[in-house]
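So this first bit is one chain, no partners, the form predicted on its own, shown in structure tokens.
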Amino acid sequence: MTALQDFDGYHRPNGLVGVRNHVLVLSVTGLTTAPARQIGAAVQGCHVVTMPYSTGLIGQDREVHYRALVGLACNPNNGAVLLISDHKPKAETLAQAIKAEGQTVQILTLNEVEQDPVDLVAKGTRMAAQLAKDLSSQRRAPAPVSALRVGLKCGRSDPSSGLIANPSTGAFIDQLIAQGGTAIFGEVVEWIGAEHLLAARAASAEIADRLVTLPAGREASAMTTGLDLMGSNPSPTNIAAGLSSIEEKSLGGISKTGSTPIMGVLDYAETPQGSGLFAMDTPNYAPEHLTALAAAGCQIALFTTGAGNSFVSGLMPTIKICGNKVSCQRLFQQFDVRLDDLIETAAPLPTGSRRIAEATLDVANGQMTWGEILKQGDDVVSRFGAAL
């Protein structure tokens, strides 16, 4: 197999490499959501992330929320951050954590404009415009493929996902990791029925134990609420597309992780230490899962689907991959990699893997995904418990 080529990216002071150069407008309270969106709409090159809640979070949610905000701000696809909040002390605390990771960040709060959202938009627009102007002078430079951290997701899966799209992705991930790259997968419930196969690839007994206990915990948690997990996954869309059980879905789903050892199990939005393949404790729902991957520093997501799933990350260019001929013909502006001509061939995986590799490096070099062209994408952090 031909070695993956280097790509041209944006080199950050902390050594990471971005494939995009956003000014991130990060609103950390619901009070500033609308002004943040107005600022982002007025300035070219901005991506806006808004969090509708902050004050009142407790316990695990407070910890996850803070970690995710720092992680999203420090995603290497952001060249600078405009942090917008209500109270300056709260914003300064978060900004210090972001600066400690080597990211450029400026702060603007409602307190500084006497609670006037109109003034907040006017001042924030000027600040974001200056940051965008500064970033526009940066140039891409060669970077090794080992600098890539790729997130993995599947959604609205069907039999073609497990037969062609996921195993082709897995073959590419093996190649990426062999050259020093990193990949992260999650969707814990969709490990059910395949836990033993994941555990057999764990780099330690502790990792193997978490790969088994995490899905069991999710299942038990659902049962305490009276929810029949087996009645909700596979979803009605999966069943209509031809999947019969969660075990069948899981066995197809984990094939996108390839065959390399699993080096660790990350908490939600946690950044991996080192390279290789990592699992993450995430929900299945695409917005929550992709946001966790972006907060963990993934620059690109590979998203396989059978019936079609239009959601993409706002921070990570999300490459949609499909092997379903009907879906590819019907939703051709949703899929960046079509594999539907390979499903009936004798040896489809090498060709599928090569197409995914080419698309990944093209996107890393600046080619836009359909999701970016159509201005889709959003980010949302998971909630796990009650609030004050």
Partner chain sequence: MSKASPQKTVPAIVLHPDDTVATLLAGAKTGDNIAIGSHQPLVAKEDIPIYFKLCLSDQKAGSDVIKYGQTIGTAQTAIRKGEKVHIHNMTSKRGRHSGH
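Positions refer to the first chain, counted from 1. Quick caveat: nothing in here was measured; it's all calculated off a predicted structure.
There is another form of this protein, the form predicted together with its partner chain, and it is not shown here; the text below is about that form.
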Note: exactly one of 71, 186, 170, 162 sits with a heavy atom within 4.5 Å of its partner chain in the predicted complex, namely 162
So which of 209, 219, 92, 112 gets a non-hydrogen atom within 4.5 Å of its partner chain in the predicted complex? 219
Residues 8, 40 and 126 are flagged as a possible site; in the predicted complex, is every one of them within 4.5 Å of its partner chain by some non-hydrogen atom? no
Residue 243 versus its partner chain, in the predicted complex: is there a non-hydrogen atom within 4.5 Å? yes
Check residue 34 for me: does it contact its partner chain in the predicted complex (non-hydrogen atoms, 4.5 angstroms)? no
Residue-level question: is residue 174 within 4.5 Å of its partner chain in the predicted complex, judged on heavy atoms? no
Answer yes if any heavy atom of residue 197 is within 4.5 Å of a heavy atom of its partner chain in the predicted complex; otherwise answer no. yes
61 to 69, 357 to 365, 319 to 327, 47 to 55: which one contacts its partner chain in the predicted complex at 4.5 Å, heavy atom to heavy atom? 319 to 327
